[in-house]
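Let us start with two forms of the same protein chain, each given on its own as structure tokens and named structure 1 and structure 2.
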Structure 1
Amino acid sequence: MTSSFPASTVLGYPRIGPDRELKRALEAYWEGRSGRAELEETARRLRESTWRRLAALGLEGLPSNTFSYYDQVLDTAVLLGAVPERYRQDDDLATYFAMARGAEGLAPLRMTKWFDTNYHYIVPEIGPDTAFSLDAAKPLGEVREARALGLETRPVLVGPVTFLLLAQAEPGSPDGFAPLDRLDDVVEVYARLLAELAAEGVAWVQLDEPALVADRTPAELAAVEAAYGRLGRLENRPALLVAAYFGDLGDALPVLAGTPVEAVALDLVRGTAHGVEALAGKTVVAGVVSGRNVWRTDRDRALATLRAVRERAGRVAVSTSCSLLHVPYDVERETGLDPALRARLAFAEQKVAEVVELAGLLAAPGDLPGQPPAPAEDGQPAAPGRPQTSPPGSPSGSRPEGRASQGRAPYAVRAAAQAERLKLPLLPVTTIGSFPQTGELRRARAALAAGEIGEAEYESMVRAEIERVIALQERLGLDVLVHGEPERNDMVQYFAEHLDGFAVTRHGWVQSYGSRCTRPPILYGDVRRPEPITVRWARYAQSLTSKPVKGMLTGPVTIVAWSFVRDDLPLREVVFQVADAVREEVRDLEEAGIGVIQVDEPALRELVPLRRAEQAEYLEWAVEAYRWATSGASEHTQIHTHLCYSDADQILAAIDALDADVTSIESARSRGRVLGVVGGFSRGLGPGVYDIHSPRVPDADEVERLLSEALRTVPADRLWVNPDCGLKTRSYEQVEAALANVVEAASRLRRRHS
């Protein structure tokens, strides 16, 4: 007999540790400073502390199998035995990390963004002959681990349809093959897994299917029906919760409703309860607490939503809208924030408490004091988010737009003016911006924040690092240099620290991929730039060399996308406020004599709505915001932009419309995927030739092959040579060797094409 679903749960939880314990353990393991036993012990402690804390907060439904050493999609590939032969080694962890990070002479699997978030996942490779086999050690192991603590858990897995839709065809697969063609084989492995979990006494399993909130074809919806019809009819299995988040299920909702699954989780923060009555007879796991943003939940609105869903569908449980992987651990640690702002924030721990409170209120008789908001005209309950206002003393209200990009001169005119000014060789070599952040720099930044060293001592170290980076690039023979960004902790946080309307945290770490973590700023009020941000260091770097040095800025869409954003203004208006600040910085860099300015927009693709009907409007205003930020530059100033790890080939027309003089774009890790669609690109293009997210160093022959491939699509007079992304996470030893090979490869081809 199926047990009832718990009244309160979360769809997932952060796994890096409140103090980034996993990051440190991983990097020590990778660098050979610790062994497997130490890494596994850190992981065990993190899982135990998570389960104990969730239970202590009163959460009834505890998730397991949400921990990962690198990424949950990669974990699923291992679970299914979908490991390409070239990565297989005697040691299972070595195999796992080879897929994620590469190995000697072996490039890693492709990496891209998890839907419209800044989390990256490893893209599986599936072919017609991929031999699937079950490896249930991880989910079973975590169930047993929690049970030894006296706690029952619900294993969480990426669902079969989403897994295959996110996978790519194995190289060499026949034309027309798609990974979803292997659905029947994959579902059989899931069926065996469910049988093993049932034998273990597991009551519920969660299968995540976020791909269902995007537009799906009739064939894909038929695959959903087939997969969950098959799994639902299994005689020996746990009860199934199918979780779809990041938007509305749309046409997939009645499909799931018609299958034998026992529960469906809906995102009622970014989506609605439209059609929820079709789920009558199942449990609706109502995601009314946001897993993506950090504002406290409006209790009255959320409760009104829950009651409306219960009235229309029957059984309701309270949950987060998605996994809490996307928010920090605990706002109470942020003692440096303005108390008025902190009182309005909820990180993962506070969100769990909100879920538990709402479940208690939903179960209690009677209504809360006060009048809950009325349902919207379409009969749907109002969204549970709360309109936010700025804390005392902060900017408030919206400024009139009054922005109309006058546009720059035509590209041909600009290209001629820039060629005369910059005098660059054919196939110019540059980097994306950052150079390695050494331990010495990180310690100095921490010491400055703690008051242990003064500003003058810190700035002396920054100047010395800039001198080192400029000298290294000149010695290696790069053509357009960067100052290396030693003064910057992060490409978004650094700007947030210098703009009004932002607050930054001290402990608000969020995983981006593997051991890489960021601290997203909190954008709570109107954005203004009190003074220039980057000009002083760019001017100093340029004074050290006769070669052009790029001014390095982060674009308005990316600054907003990688922050926790106020929700009392349309996102478009918030982005244009940031674009105003970037425009002022471009103007001041140009006046300081900087002839090349890079304004990065790696998040442009990330924010594209999952539904096609909403995409054109977003791309129109996102492009216009970028053009507004950059169009004040003269025709003699070369504007660069950069995009990485976000399937940018899917929005190439919008990237072209940015009207940047040079666009650098990830290409090495995806094996030149973007080159298949750039035939109509009309300006400078730098498809990356060095995957900086892997520790491996490409040799000159490999780089030359990649450049030769690019030259088949991009004319030599418009091809730039650069890494896939910034070099911040690599060591100087790796960077120097790789860049020397990049310069050598470019030199060989330059001689051939001159």
Structure 2
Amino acid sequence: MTSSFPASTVLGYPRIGPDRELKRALEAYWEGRSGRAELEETARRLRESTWRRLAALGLEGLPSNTFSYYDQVLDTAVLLGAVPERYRQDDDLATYFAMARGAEGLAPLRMTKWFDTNYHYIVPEIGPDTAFSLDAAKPLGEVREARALGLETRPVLVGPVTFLLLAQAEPGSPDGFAPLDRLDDVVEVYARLLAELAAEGVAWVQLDEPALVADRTPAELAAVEAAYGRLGRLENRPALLVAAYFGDLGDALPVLAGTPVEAVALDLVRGTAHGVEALAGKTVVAGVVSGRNVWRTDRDRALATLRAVRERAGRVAVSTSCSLLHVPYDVERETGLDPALRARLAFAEQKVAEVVELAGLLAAPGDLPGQPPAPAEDGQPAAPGRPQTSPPGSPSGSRPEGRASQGRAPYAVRAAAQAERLKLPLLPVTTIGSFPQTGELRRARAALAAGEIGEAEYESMVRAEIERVIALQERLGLDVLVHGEPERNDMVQYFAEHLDGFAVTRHGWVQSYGSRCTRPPILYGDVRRPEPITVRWARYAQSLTSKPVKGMLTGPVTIVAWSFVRDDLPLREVVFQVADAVREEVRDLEEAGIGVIQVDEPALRELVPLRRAEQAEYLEWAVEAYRWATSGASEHTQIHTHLCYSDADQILAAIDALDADVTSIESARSRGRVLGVVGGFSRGLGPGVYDIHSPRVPDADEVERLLSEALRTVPADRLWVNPDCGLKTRSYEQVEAALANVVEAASRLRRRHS
């Protein structure tokens, strides 16, 4: 007997804690400063306050099992018993964290981005012989814990198809094996779990299948049909909600419609209601409140969408477009924000209130089903994320058409001009920009923000740090130096703080991975650069050395990708506004005598649309924006770019089209793949030779080996020598040792090649 789906719900909620309580508890536990009991108590309290808060706000459908000590995909691997042998330890929590973070002599599982978000999940390893078994302790535990508080919940699980599509084949699996081959076995474990949840009296279970909003092969769609056909036909189970978010279900919609699941959640912010009639007879959980952005929902448009869906499909519940994991907790705490801006913002708390309000309006008397729906463009999303008032500044901004980039001189001309000016040796050694951020600097920045020290005192500390970093690089023998980025808290926030059109929050933390959070800036208006941002630091650094100092900028795509962005303008237009500002900064650096300028675009890959049909267009304008940002530089200025975590091999043509003189790419974890494809690359290239994500210091022999390997594909006169990424998170001790070995390896090879 199926109970009807609650009128209002959210697909998930932040879990790190409004004051990052979980982060602190995890780090204390990892460092041995606290025990398991304290960690568990913090976690329990966070779950309790979340459920109580959601209930107090009037939300009817409360999710559970949305808490995680690290990541929900890793939790699913544990749930299914898919724990690779090498990680197994006596203590279950030790096993869990070994997979997430590694252990003595054991590298962690791979981590990668969750669809097109800045959240990272742990990639499970599945092989032909992985022995699946049910470990239902976590979802059952959360159901019971909430029930003890008098609250009924809906456990949320990563669905079997998405889980297997996100997994990677265990190393050593036979050719042609794909984790999805194990679908039947995995579905049996889900079936057992559903039986246990039914026995526990659980009415509804949510299975997240965001993988269904990307292009799927007929075989994958058949897997969806098989999995949900099988689970749907179980005798003894809770009602099933399948949640597909971050876009349109497309071909997967009729497939799901044909299975016996009771409800389907649609993302009506990013996707459309296209084909929703097929879901008649099921409940449509309509995601009209954005889980990805921070603007208040346009109530009238959302209501029109809800009514249109109800008209076409019948039963509708109101929800968020996806989990609220991707937004901060509560905008009311941001007392430092301009009140006019704050009034336009909704974080997780406010979004829950919006869902509740919309559900009330939808059910209001005089608005019974059957009444003519309010006009909404057929099948179109209602774009509820639109700000209600237009942002300050001219909404038109400047037009991208005015920015047709003439491009720079041909590479051969540039290369000759730069060789003449920079006089670099063969295999030049450089770094990606940041040097270790000392506790002293972080404390000074906090003291400056709190008004405890003055601007002048802070500046002199930054200067002293630049002096130290330049002296160190000279002593080690690097060829292109950097100032070390000591003035930056973060490569995006720093620029946001210095550009008009951006606001930054105090408490707006969003989980990035594990205990790590970022505070994405809010891009709310037209972007302008009131004055040069980085020039004085670069100039100061250059005044200390006769070697070239590289100016360091973050690229327009990355600044936008790692911010919450106004949605009243096309994304492309916003990116071009940021590109204008970067272009001005490039010009000013050049005028200040800086001969090498790096514009980082580590997020280029992240914004690639999930659907192939939309990818070419995105890559075209993203590349054009980068070229606009950099093409004001003369042929004598060497432009570098840097990409990391980017699955660079997948977008190599676009990276090449950036037309940078030198490109550095993270490659410690994807070496073969990167080197396998860069043969066609026609300009300077620096595949990383030092994995900065690990405390390990590579010796000179190892670096030499990596460089020799690279020399098989990249000619010596185009190969650069650099770490994988910025050195910010490492210690000076590790960095000094590693860079000394990198320089040593480069000079050995230089001798052989000259």
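Counting starts at 1 with the first residue of structure 1 and goes up one by one along its sequence. For clarity, a rigid core is taken as the largest C-alpha set superposing within 1.5 Å between two forms. In this text the structure is predicted, and so the values were computed from the model without any measurement.
Asks: Please let me know, 1 or 2, which structure is the form predicted on its own?
Replies: Structure 1 is the one predicted on its own.
Asks: Align both forms on the core first, then report whether residue 717 has a C-alpha shift of 2 Å or more between the two structures.
Replies: Moves: yes, 2 Å or greater.
Asks: If the two forms are fitted on the core, does residue 26 show a Cα displacement reaching 2 angstroms between the two structures?
Replies: Shift at residue 26: below 2 Å after core fit.
Asks: Once the two forms are fit on the core, has residue 693 moved its CA by at least 2 Å between the two structures?
Replies: Residue 693 C-alpha, core-superposed: shift of 2 Å or more.
Asks: Look at the Cα of residue 746 between the two structures with the rigid core superposed and state its shift in Å.
Replies: Its C-alpha shift, to one decimal, is 7.1 Å.
Asks: Please state the CA displacement of residue 633 between the two structures in angstrom, with both forms fitted on the core.
Replies: Once the two forms are fitted on their core, the shift reads 3.8 Å.
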